[in-house]
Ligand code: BG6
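Presented as C-alpha coordinates, the chain that follows is alone, the form predicted alone.
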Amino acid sequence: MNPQHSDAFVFFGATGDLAYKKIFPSLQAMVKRGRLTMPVIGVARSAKNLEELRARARSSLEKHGGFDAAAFDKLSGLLRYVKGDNSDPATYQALRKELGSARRPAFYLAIPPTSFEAVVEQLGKSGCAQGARVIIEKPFGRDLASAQDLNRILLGAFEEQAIYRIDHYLGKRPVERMVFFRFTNPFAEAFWDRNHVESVQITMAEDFGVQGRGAFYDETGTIRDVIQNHLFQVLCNLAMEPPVRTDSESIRDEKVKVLKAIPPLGEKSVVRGQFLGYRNEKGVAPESTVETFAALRLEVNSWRWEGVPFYIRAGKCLPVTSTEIVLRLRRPPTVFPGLQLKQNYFRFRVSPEVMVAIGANVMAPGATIGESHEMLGVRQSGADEMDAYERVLGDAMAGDATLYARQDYVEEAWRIVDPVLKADTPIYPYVPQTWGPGEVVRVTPPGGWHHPVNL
(Lines give C-alpha, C1' and ligand atoms only; values in the text may rest on other atoms or scores of the structure.)
Protein backbone atom coordinates (compact mmCIF):
# COMPACT_ATOMS: atom_id res chain seq x y z
CA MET A 1 0.00 0.00 0.00
CA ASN A 2 1.15 3.53 -0.78
CA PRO A 3 2.68 5.05 2.39
CA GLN A 4 0.33 8.03 1.93
CA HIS A 5 -2.74 5.80 1.69
CA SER A 6 -5.17 5.77 4.58
CA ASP A 7 -4.98 2.67 6.74
CA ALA A 8 -8.54 2.87 8.12
CA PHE A 9 -11.82 4.36 6.93
CA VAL A 10 -14.20 5.77 9.54
CA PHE A 11 -17.62 7.13 8.61
CA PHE A 12 -19.83 9.03 11.02
CA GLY A 13 -23.54 8.68 10.28
CA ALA A 14 -23.19 4.99 9.44
CA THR A 15 -26.93 4.35 9.81
CA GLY A 16 -27.99 7.49 7.94
CA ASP A 17 -29.61 7.96 4.56
CA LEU A 18 -26.39 8.86 2.74
CA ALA A 19 -24.62 5.75 4.03
CA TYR A 20 -27.59 3.60 3.05
CA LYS A 21 -27.93 4.95 -0.49
CA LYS A 22 -24.34 5.75 -1.44
CA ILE A 23 -21.57 4.76 0.98
CA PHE A 24 -22.22 1.04 1.42
CA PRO A 25 -22.66 0.50 -2.36
CA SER A 26 -19.42 2.41 -2.98
CA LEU A 27 -17.54 0.40 -0.37
CA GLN A 28 -18.73 -2.89 -1.89
CA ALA A 29 -17.64 -1.69 -5.34
CA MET A 30 -14.21 -0.80 -3.97
CA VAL A 31 -13.90 -4.26 -2.44
CA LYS A 32 -14.76 -5.85 -5.78
CA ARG A 33 -12.03 -3.83 -7.51
CA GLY A 34 -9.51 -4.70 -4.82
CA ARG A 35 -9.26 -1.05 -3.72
CA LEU A 36 -10.45 -1.58 -0.15
CA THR A 37 -8.60 -3.88 2.25
CA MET A 38 -8.45 -1.71 5.40
CA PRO A 39 -10.75 -1.66 8.44
CA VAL A 40 -14.05 0.16 7.87
CA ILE A 41 -15.47 1.62 11.07
CA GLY A 42 -19.02 2.93 11.26
CA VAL A 43 -19.98 5.39 14.00
CA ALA A 44 -23.65 5.91 14.86
CA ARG A 45 -26.23 5.73 17.63
CA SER A 46 -29.16 3.81 16.22
CA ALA A 47 -27.61 0.40 15.44
CA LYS A 48 -27.40 -1.74 18.57
CA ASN A 49 -24.30 -3.65 17.54
CA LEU A 50 -22.09 -4.70 14.64
CA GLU A 51 -24.48 -7.39 13.46
CA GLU A 52 -27.26 -4.85 13.14
CA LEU A 53 -24.98 -2.56 11.13
CA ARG A 54 -24.04 -5.46 8.85
CA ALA A 55 -27.73 -6.18 8.33
CA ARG A 56 -28.33 -2.56 7.34
CA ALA A 57 -25.36 -2.72 4.97
CA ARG A 58 -26.80 -5.83 3.33
CA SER A 59 -30.20 -4.18 2.97
CA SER A 60 -28.51 -1.12 1.42
CA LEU A 61 -26.69 -3.26 -1.14
CA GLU A 62 -29.77 -5.30 -2.02
CA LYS A 63 -31.70 -2.10 -2.70
CA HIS A 64 -29.05 0.27 -4.07
CA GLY A 65 -25.79 -1.53 -4.75
CA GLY A 66 -26.32 -4.73 -6.67
CA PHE A 67 -25.64 -7.16 -3.82
CA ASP A 68 -22.60 -9.38 -4.44
CA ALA A 69 -22.31 -12.21 -1.93
CA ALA A 70 -18.53 -12.67 -2.20
CA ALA A 71 -17.81 -8.93 -2.01
CA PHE A 72 -20.24 -8.48 0.87
CA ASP A 73 -18.51 -11.24 2.84
CA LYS A 74 -15.20 -9.40 2.43
CA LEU A 75 -16.77 -6.07 3.36
CA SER A 76 -18.41 -7.64 6.42
CA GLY A 77 -15.01 -8.90 7.53
CA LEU A 78 -13.62 -5.36 7.33
CA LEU A 79 -16.59 -3.72 9.04
CA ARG A 80 -16.36 -2.47 12.63
CA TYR A 81 -18.83 -0.48 14.73
CA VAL A 82 -18.65 2.19 17.41
CA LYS A 83 -21.97 3.02 19.02
CA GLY A 84 -22.15 6.45 20.60
CA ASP A 85 -23.14 10.09 20.47
CA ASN A 86 -21.07 12.43 18.29
CA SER A 87 -20.51 14.86 21.19
CA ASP A 88 -19.64 12.27 23.84
CA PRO A 89 -15.88 11.92 24.59
CA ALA A 90 -16.48 8.23 25.38
CA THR A 91 -17.37 7.64 21.72
CA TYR A 92 -13.91 8.79 20.67
CA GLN A 93 -12.18 6.73 23.34
CA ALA A 94 -13.95 3.69 21.89
CA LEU A 95 -13.02 4.82 18.38
CA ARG A 96 -9.36 5.20 19.31
CA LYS A 97 -9.42 1.64 20.65
CA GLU A 98 -11.12 0.33 17.49
CA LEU A 99 -8.52 2.05 15.29
CA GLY A 100 -5.83 -0.04 16.93
CA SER A 101 -2.52 0.37 15.08
CA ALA A 102 -3.99 2.61 12.35
CA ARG A 103 -2.03 5.87 12.07
CA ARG A 104 -3.50 7.42 8.91
CA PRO A 105 -7.28 7.09 9.21
CA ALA A 106 -9.70 8.89 6.91
CA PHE A 107 -12.73 10.30 8.75
CA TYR A 108 -15.81 10.84 6.58
CA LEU A 109 -18.47 13.10 8.13
CA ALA A 110 -21.63 11.82 6.45
CA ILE A 111 -23.67 13.87 8.92
CA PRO A 112 -25.50 17.23 8.94
CA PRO A 113 -23.19 20.28 8.97
CA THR A 114 -24.60 21.26 12.38
CA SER A 115 -22.72 18.26 13.84
CA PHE A 116 -19.34 19.01 12.23
CA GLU A 117 -18.04 21.21 15.03
CA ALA A 118 -18.68 18.67 17.79
CA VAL A 119 -17.10 15.80 15.83
CA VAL A 120 -14.03 17.76 14.70
CA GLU A 121 -13.46 19.10 18.21
CA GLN A 122 -13.67 15.62 19.75
CA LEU A 123 -11.41 14.12 17.07
CA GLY A 124 -8.81 16.71 17.96
CA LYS A 125 -9.12 16.33 21.72
CA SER A 126 -8.99 12.53 21.59
CA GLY A 127 -5.84 12.47 19.43
CA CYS A 128 -7.67 10.66 16.64
CA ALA A 129 -7.02 13.53 14.23
CA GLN A 130 -3.24 13.17 14.35
CA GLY A 131 -1.96 11.98 10.96
CA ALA A 132 -5.56 11.68 9.71
CA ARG A 133 -7.66 13.12 6.89
CA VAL A 134 -11.20 14.46 7.21
CA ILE A 135 -13.78 14.29 4.42
CA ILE A 136 -16.82 16.56 4.69
CA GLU A 137 -19.99 16.73 2.65
CA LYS A 138 -21.36 19.84 1.01
CA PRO A 139 -22.78 22.36 1.67
CA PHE A 140 -19.57 24.02 2.89
CA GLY A 141 -21.50 26.71 4.75
CA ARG A 142 -24.52 28.70 3.57
CA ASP A 143 -22.60 31.81 2.54
CA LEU A 144 -19.08 33.23 2.67
CA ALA A 145 -19.13 34.00 6.40
CA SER A 146 -20.38 30.56 7.43
CA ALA A 147 -17.89 28.87 5.07
CA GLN A 148 -15.09 30.77 6.78
CA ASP A 149 -16.46 29.76 10.19
CA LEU A 150 -16.55 26.12 9.11
CA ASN A 151 -12.97 26.32 7.94
CA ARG A 152 -11.84 27.72 11.30
CA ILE A 153 -13.49 24.72 12.97
CA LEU A 154 -11.73 22.27 10.65
CA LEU A 155 -8.36 23.96 11.04
CA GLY A 156 -8.70 23.56 14.79
CA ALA A 157 -7.84 19.87 14.37
CA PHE A 158 -6.57 19.36 10.78
CA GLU A 159 -4.15 21.02 8.36
CA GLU A 160 -5.65 22.35 5.12
CA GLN A 161 -3.94 19.59 3.08
CA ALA A 162 -5.72 17.00 5.25
CA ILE A 163 -9.21 18.50 4.63
CA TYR A 164 -11.18 16.98 1.74
CA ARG A 165 -14.37 18.86 0.81
CA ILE A 166 -16.33 16.32 -1.20
CA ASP A 167 -18.29 17.33 -4.27
CA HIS A 168 -19.42 14.00 -5.69
CA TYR A 169 -20.26 15.69 -8.99
CA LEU A 170 -16.54 15.97 -9.70
CA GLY A 171 -16.31 12.20 -9.34
CA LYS A 172 -18.43 11.77 -12.45
CA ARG A 173 -16.06 10.67 -15.20
CA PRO A 174 -17.68 12.84 -17.92
CA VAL A 175 -16.83 16.00 -15.96
CA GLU A 176 -13.15 15.02 -16.07
CA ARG A 177 -13.43 14.04 -19.74
CA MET A 178 -14.27 17.64 -20.53
CA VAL A 179 -10.80 18.74 -19.37
CA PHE A 180 -9.16 15.82 -21.18
CA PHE A 181 -10.97 16.71 -24.40
CA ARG A 182 -9.91 20.35 -24.22
CA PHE A 183 -6.23 19.80 -23.62
CA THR A 184 -5.60 16.79 -25.87
CA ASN A 185 -7.33 18.04 -29.04
CA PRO A 186 -5.61 21.03 -30.70
CA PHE A 187 -8.58 21.72 -32.98
CA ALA A 188 -10.68 22.60 -29.92
CA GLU A 189 -8.09 25.03 -28.63
CA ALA A 190 -8.23 26.82 -31.99
CA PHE A 191 -11.71 28.23 -31.21
CA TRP A 192 -11.75 28.05 -27.40
CA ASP A 193 -11.50 31.79 -26.68
CA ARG A 194 -13.24 35.17 -26.84
CA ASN A 195 -12.28 35.67 -30.49
CA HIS A 196 -14.44 32.76 -31.64
CA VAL A 197 -16.96 32.01 -28.88
CA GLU A 198 -20.04 34.26 -28.70
CA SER A 199 -21.52 32.73 -25.53
CA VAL A 200 -21.35 29.69 -23.27
CA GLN A 201 -24.34 28.02 -21.65
CA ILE A 202 -24.55 25.29 -19.04
CA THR A 203 -27.84 23.53 -18.28
CA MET A 204 -28.50 21.07 -15.48
CA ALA A 205 -32.11 19.94 -15.82
CA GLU A 206 -34.02 17.47 -13.65
CA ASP A 207 -37.48 16.24 -14.61
CA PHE A 208 -38.38 15.40 -10.99
CA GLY A 209 -39.12 17.44 -7.88
CA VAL A 210 -37.62 17.38 -4.38
CA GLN A 211 -38.43 13.66 -3.89
CA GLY A 212 -39.39 13.85 -0.23
CA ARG A 213 -36.49 16.15 0.69
CA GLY A 214 -38.65 19.23 1.10
CA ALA A 215 -37.30 20.24 4.52
CA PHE A 216 -33.71 20.08 3.28
CA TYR A 217 -34.42 21.81 0.00
CA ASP A 218 -36.37 24.62 1.63
CA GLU A 219 -33.20 25.51 3.56
CA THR A 220 -31.03 25.30 0.46
CA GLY A 221 -32.49 26.11 -2.96
CA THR A 222 -31.05 25.60 -6.43
CA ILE A 223 -28.24 28.16 -6.23
CA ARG A 224 -26.79 26.62 -3.06
CA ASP A 225 -27.63 23.04 -3.97
CA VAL A 226 -26.09 22.72 -7.44
CA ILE A 227 -24.98 26.03 -8.98
CA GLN A 228 -22.49 27.38 -6.43
CA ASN A 229 -20.72 24.02 -6.30
CA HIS A 230 -21.45 21.52 -9.11
CA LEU A 231 -21.97 23.92 -11.99
CA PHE A 232 -19.22 26.32 -10.97
CA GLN A 233 -16.90 23.31 -11.16
CA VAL A 234 -18.12 22.62 -14.70
CA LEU A 235 -17.61 26.29 -15.58
CA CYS A 236 -14.05 26.15 -14.24
CA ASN A 237 -13.27 23.06 -16.31
CA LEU A 238 -14.48 24.94 -19.38
CA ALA A 239 -12.68 28.22 -18.70
CA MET A 240 -9.44 27.23 -16.93
CA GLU A 241 -6.00 27.53 -18.51
CA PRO A 242 -3.84 24.42 -19.03
CA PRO A 243 -2.24 23.48 -15.69
CA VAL A 244 1.57 23.47 -15.63
CA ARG A 245 1.42 20.00 -14.06
CA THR A 246 -1.33 17.45 -13.50
CA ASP A 247 -0.91 17.25 -9.73
CA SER A 248 -3.92 18.23 -7.62
CA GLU A 249 -2.61 21.63 -6.52
CA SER A 250 -1.70 22.78 -10.03
CA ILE A 251 -5.15 21.84 -11.35
CA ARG A 252 -6.93 23.45 -8.41
CA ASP A 253 -4.81 26.60 -8.80
CA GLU A 254 -6.19 27.09 -12.31
CA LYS A 255 -9.77 26.60 -11.16
CA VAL A 256 -9.42 29.22 -8.45
CA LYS A 257 -8.05 31.68 -11.03
CA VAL A 258 -11.29 31.33 -13.01
CA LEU A 259 -13.45 32.15 -10.02
CA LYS A 260 -11.25 35.12 -9.11
CA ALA A 261 -11.98 36.53 -12.58
CA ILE A 262 -15.75 36.47 -12.03
CA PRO A 263 -17.37 39.62 -10.52
CA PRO A 264 -20.09 39.16 -7.87
CA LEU A 265 -23.53 38.49 -9.29
CA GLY A 266 -25.88 41.42 -9.63
CA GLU A 267 -29.65 41.15 -9.12
CA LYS A 268 -30.33 41.88 -12.81
CA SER A 269 -28.20 38.87 -13.80
CA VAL A 270 -30.36 36.29 -12.01
CA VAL A 271 -33.89 34.95 -12.46
CA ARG A 272 -35.28 32.66 -9.76
CA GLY A 273 -38.31 30.41 -10.19
CA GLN A 274 -40.38 27.95 -8.18
CA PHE A 275 -42.46 25.16 -9.70
CA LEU A 276 -46.17 25.18 -8.99
CA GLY A 277 -46.92 22.64 -6.27
CA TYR A 278 -43.57 23.00 -4.49
CA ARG A 279 -45.21 24.65 -1.47
CA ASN A 280 -47.40 21.58 -1.01
CA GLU A 281 -44.36 19.33 -0.51
CA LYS A 282 -43.84 17.95 2.99
CA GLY A 283 -41.42 20.10 4.97
CA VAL A 284 -41.80 23.15 2.72
CA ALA A 285 -43.04 26.42 4.23
CA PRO A 286 -46.49 27.49 2.94
CA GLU A 287 -45.10 30.87 1.85
CA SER A 288 -41.65 29.61 0.78
CA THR A 289 -39.58 31.90 -1.43
CA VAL A 290 -36.86 29.29 -2.05
CA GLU A 291 -36.01 28.79 -5.72
CA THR A 292 -36.31 25.43 -7.47
CA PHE A 293 -35.02 27.02 -10.70
CA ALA A 294 -32.36 29.62 -11.35
CA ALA A 295 -30.82 31.13 -14.46
CA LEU A 296 -27.88 33.49 -14.25
CA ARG A 297 -25.41 35.38 -16.39
CA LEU A 298 -21.73 35.56 -15.46
CA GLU A 299 -18.67 37.31 -16.81
CA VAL A 300 -15.19 35.76 -16.69
CA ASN A 301 -12.86 38.73 -16.94
CA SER A 302 -9.74 36.85 -17.99
CA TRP A 303 -7.53 37.36 -21.05
CA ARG A 304 -9.16 34.36 -22.76
CA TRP A 305 -12.81 35.06 -21.91
CA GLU A 306 -13.39 38.77 -21.37
CA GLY A 307 -16.57 39.87 -23.13
CA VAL A 308 -18.01 36.34 -23.47
CA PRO A 309 -21.15 35.85 -21.35
CA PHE A 310 -21.52 32.58 -19.46
CA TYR A 311 -25.07 31.44 -18.75
CA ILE A 312 -25.98 28.84 -16.14
CA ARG A 313 -29.44 27.31 -15.76
CA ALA A 314 -30.58 24.63 -13.32
CA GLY A 315 -33.89 23.48 -11.97
CA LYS A 316 -36.31 20.81 -10.91
CA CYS A 317 -39.50 19.67 -12.66
CA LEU A 318 -38.09 20.61 -16.07
CA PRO A 319 -38.89 18.65 -19.27
CA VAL A 320 -35.85 16.30 -19.15
CA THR A 321 -33.05 15.13 -16.89
CA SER A 322 -29.79 16.10 -18.52
CA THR A 323 -26.66 18.19 -18.12
CA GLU A 324 -25.27 19.85 -21.25
CA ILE A 325 -22.78 22.54 -22.19
CA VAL A 326 -23.03 24.56 -25.42
CA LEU A 327 -20.38 26.93 -26.78
CA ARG A 328 -22.00 28.99 -29.51
CA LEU A 329 -19.48 30.37 -32.01
CA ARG A 330 -19.58 33.77 -33.66
CA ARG A 331 -21.14 34.10 -37.12
CA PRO A 332 -18.71 34.10 -40.05
CA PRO A 333 -18.80 36.71 -42.84
CA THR A 334 -21.42 35.87 -45.48
CA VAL A 335 -20.12 34.37 -48.73
CA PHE A 336 -23.53 33.21 -49.96
CA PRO A 337 -25.93 36.20 -49.94
CA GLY A 338 -29.49 35.41 -48.96
CA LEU A 339 -28.69 32.34 -46.91
CA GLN A 340 -29.46 32.43 -43.20
CA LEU A 341 -26.65 30.26 -41.95
CA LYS A 342 -26.89 28.90 -38.46
CA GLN A 343 -24.12 29.45 -35.97
CA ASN A 344 -21.59 26.71 -35.41
CA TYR A 345 -21.52 25.32 -31.91
CA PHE A 346 -19.79 22.79 -29.75
CA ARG A 347 -21.99 20.68 -27.47
CA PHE A 348 -20.87 18.46 -24.62
CA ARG A 349 -23.47 16.28 -22.93
CA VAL A 350 -22.38 15.22 -19.44
CA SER A 351 -25.40 13.12 -18.48
CA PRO A 352 -27.28 10.85 -18.65
CA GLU A 353 -24.85 9.72 -21.37
CA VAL A 354 -21.69 11.34 -22.71
CA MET A 355 -21.82 13.01 -26.10
CA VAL A 356 -19.47 15.37 -27.91
CA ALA A 357 -21.02 17.07 -30.92
CA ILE A 358 -20.38 19.91 -33.36
CA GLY A 359 -23.06 21.88 -35.16
CA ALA A 360 -21.91 22.78 -38.69
CA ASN A 361 -23.39 24.15 -41.91
CA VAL A 362 -23.30 21.77 -44.85
CA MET A 363 -24.86 21.83 -48.32
CA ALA A 364 -28.22 20.12 -48.43
CA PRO A 365 -28.23 16.88 -50.50
CA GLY A 366 -29.20 17.49 -54.13
CA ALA A 367 -29.09 21.28 -53.82
CA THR A 368 -26.98 23.54 -56.00
CA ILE A 369 -26.61 25.95 -53.12
CA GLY A 370 -28.27 25.34 -49.82
CA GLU A 371 -27.57 24.57 -46.25
CA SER A 372 -28.57 22.27 -43.49
CA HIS A 373 -27.39 21.88 -39.96
CA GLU A 374 -25.86 18.58 -39.02
CA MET A 375 -24.56 17.06 -35.82
CA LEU A 376 -21.09 15.60 -36.12
CA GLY A 377 -20.59 13.79 -32.86
CA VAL A 378 -19.44 10.88 -30.77
CA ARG A 379 -21.61 9.24 -28.16
CA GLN A 380 -20.24 7.14 -25.32
CA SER A 381 -21.92 4.85 -22.85
CA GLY A 382 -21.23 5.17 -19.14
CA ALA A 383 -21.38 1.42 -18.62
CA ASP A 384 -18.84 -0.05 -16.19
CA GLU A 385 -17.87 3.42 -15.00
CA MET A 386 -16.96 3.93 -11.40
CA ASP A 387 -19.72 5.49 -9.31
CA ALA A 388 -18.91 9.09 -8.34
CA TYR A 389 -18.83 8.33 -4.61
CA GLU A 390 -16.61 5.31 -5.12
CA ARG A 391 -14.19 7.44 -7.07
CA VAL A 392 -13.96 10.42 -4.73
CA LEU A 393 -13.76 8.29 -1.58
CA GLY A 394 -11.06 6.15 -3.13
CA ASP A 395 -9.11 9.26 -4.13
CA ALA A 396 -9.34 10.68 -0.61
CA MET A 397 -8.04 7.44 0.89
CA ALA A 398 -5.15 7.57 -1.60
CA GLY A 399 -4.38 11.20 -0.76
CA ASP A 400 -5.36 12.59 -4.18
CA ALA A 401 -7.21 15.90 -3.66
CA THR A 402 -7.74 16.77 -7.35
CA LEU A 403 -11.49 16.17 -7.21
CA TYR A 404 -11.96 18.04 -3.94
CA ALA A 405 -12.66 21.72 -3.36
CA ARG A 406 -9.91 23.74 -1.72
CA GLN A 407 -10.89 26.42 0.80
CA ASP A 408 -9.87 29.35 -1.40
CA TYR A 409 -12.10 27.89 -4.15
CA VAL A 410 -15.02 27.57 -1.74
CA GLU A 411 -14.65 31.16 -0.56
CA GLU A 412 -14.41 32.55 -4.11
CA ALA A 413 -17.55 30.65 -5.14
CA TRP A 414 -19.52 32.06 -2.21
CA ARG A 415 -18.19 35.55 -2.93
CA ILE A 416 -19.78 35.39 -6.38
CA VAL A 417 -23.27 34.34 -5.28
CA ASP A 418 -23.44 36.02 -1.85
CA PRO A 419 -24.96 39.33 -3.07
CA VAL A 420 -27.85 37.55 -4.77
CA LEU A 421 -28.47 35.17 -1.87
CA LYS A 422 -28.73 38.13 0.49
CA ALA A 423 -30.88 40.24 -1.84
CA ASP A 424 -34.65 39.99 -1.81
CA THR A 425 -34.94 39.00 -5.47
CA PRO A 426 -38.39 37.98 -6.71
CA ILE A 427 -39.44 34.37 -7.15
CA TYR A 428 -41.49 33.56 -10.26
CA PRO A 429 -43.82 30.55 -10.55
CA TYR A 430 -43.52 28.10 -13.42
CA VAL A 431 -45.52 25.13 -14.62
CA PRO A 432 -43.83 21.74 -14.05
CA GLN A 433 -42.26 20.18 -17.15
CA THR A 434 -41.59 23.57 -18.71
CA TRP A 435 -38.27 25.41 -19.00
CA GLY A 436 -38.84 27.73 -16.08
CA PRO A 437 -40.74 31.01 -15.71
CA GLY A 438 -41.31 33.34 -18.64
CA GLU A 439 -39.11 35.94 -16.95
CA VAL A 440 -36.05 33.83 -17.83
CA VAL A 441 -36.02 35.69 -21.15
CA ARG A 442 -34.18 38.40 -19.21
CA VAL A 443 -31.25 35.99 -18.69
CA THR A 444 -31.04 34.24 -22.05
CA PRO A 445 -28.03 33.63 -24.33
CA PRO A 446 -27.88 35.29 -27.76
CA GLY A 447 -29.87 33.04 -30.06
CA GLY A 448 -31.78 31.52 -27.14
CA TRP A 449 -31.24 28.61 -24.80
CA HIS A 450 -30.38 25.21 -26.21
CA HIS A 451 -32.88 22.79 -24.66
CA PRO A 452 -31.49 19.27 -24.06
CA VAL A 453 -33.70 16.41 -25.25
CA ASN A 454 -33.97 12.78 -24.25
CA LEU A 455 -31.95 10.61 -26.63
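Being a predicted model, the structure only gives us computed values, none of them experimental. Numbering starts at 1 and runs along the sequence shown.
From this point on, the text means the form predicted in complex with ligand BG6, which you will not see here.
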Could you confirm whether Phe187 comes within 4.5 Å of ligand BG6 in the predicted complex, counting heavy atoms only?
-> no
Proximity of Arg213 to ligand BG6 in the predicted complex, heavy atoms at 4.5 Å | yes
Going by a heavy atom distance of 4.5 Å, is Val234 a contact of ligand BG6 in the predicted complex?
-> no
Any non-hydrogen atom of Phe208 within 4.5 angstroms of ligand BG6 in the predicted complex = yes
Of these, 245 to 253, 100 to 108, 162 to 170, 85 to 93, which stretch puts a heavy atom within 4.5 angstroms of ligand BG6 in the predicted complex?
-> 162 to 170
Heavy atom within 4.5 Å of ligand BG6 in the predicted complex: which of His230, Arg80, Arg347, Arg133 fits that? Just give me the one.
-> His230
Of these, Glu198, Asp218, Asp225, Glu324, which has a heavy atom no more than 4.5 Å from ligand BG6 in the predicted complex?
-> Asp225
What residues of 120 to 144, in sequence order, lie within 4.5 Å of ligand BG6 in the predicted complex by heavy atom?
-> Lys138
